[in-house]
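Only one chain is shown below, in structure tokens, and it's the form predicted on its own.
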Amino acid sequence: MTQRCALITGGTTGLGEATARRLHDAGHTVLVTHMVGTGGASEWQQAQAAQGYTFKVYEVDVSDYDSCQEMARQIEADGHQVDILVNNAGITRDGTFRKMGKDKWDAVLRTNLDSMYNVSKPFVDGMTTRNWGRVVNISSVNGTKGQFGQTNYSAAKAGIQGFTKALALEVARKGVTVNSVSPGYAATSMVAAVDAEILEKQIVSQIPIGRLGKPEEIAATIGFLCSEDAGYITGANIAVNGGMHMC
């Protein structure tokens, strides 16, 4: 397999971490982003190194265009060219629409949807110039089926699917594929924050397979979409949700 350079946003936790490890195992150079100002990046990096995983960490605010531009400049200065981009960073700020303030709406749309533009913009042209690239955008089951209390999150994740299809059409003849993956509920810190009773009665009970997904299972799908073997898949949304929503 040809060694590529992969960038994974939100790569220090949950699904991002599982994906970083998956691509590292595939022999790629892996760069990850960590939210600027939140701390813990060095400790995470050291813990991963102790397990045989070498990652370069860039602190960035994916919701801010200028911050992403600076990250791209630093990546180039470090001698890397991004061949594989996994737009994974995301947040939740849940609440019913009636009670949702503009701050919660803006925070989720800027981090989850604006980041598609902010992070992809500096790297896609390079992929098309080199006639090879993989972009995988992380959407959600709730971007397709909706979810009570998540008008902001569902809107952003649905938007990711539209962004994916349109960009896929623009770069298809340049050797670049663009796909989205829509995970269901997985055993990540974001899901762990849900009240245990609600998690069991309202979420797990609605999953036909009867359990939460494993981040590694979703990362396996992402890893395949980033591979040479996935060169004929583009503009697709792959659902990995245990049968929770079939479309």
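All values derive from a computational prediction rather than experimental measurement. We number the residues from 1 along the sequence you see.
Not pictured, yet referred to below: the form predicted in complex with a small molecule.
Answer option from Asn118, Asn152, Asn142, Asn137, heavy atom within 4.5 Å of the small molecule in the model of the complex: By the 4.5 Å heavy-atom cutoff, the listed residue in contact is Asn142.
Using a 4.5 Å heavy atom cut-off, which of 62-70, 207-215, 35-43, 186-194 contacts the small molecule in the model of the complex? Answer to the contact question: 186-194.
Would the small molecule be touched by all three of Thr128, Ser227 and Ile233 in the model of the complex, meaning a heavy atom each within 4.5 Å? Not a single listed residue reaches the small molecule in the model of the complex, so no.
Do Gly95 and the small molecule come within 4.5 Å of each other in the model of the complex, heavy atoms counted? Looking in the model of the complex, residue contacts with the small molecule include Gly95, since a heavy atom lies within 4.5 Å.
Is Gln81 near the small molecule? Define near as a heavy atom within 4.5 Å, in the model of the complex. Although the small molecule is absent here, Gln81 would stay clear of it in the model of the complex, with no heavy atoms inside 4.5 Å.
Please check if Ile198 has a heavy atom lying within 4.5 Å of any heavy atom of the small molecule in the model of the complex. Contact with the small molecule, yes.
I'd like to know if Lys102 sits close to the small molecule in the model of the complex, meaning any non-hydrogen atom pair within 4.5 angstroms. Lys102: no, not in contact with the small molecule in the model of the complex.
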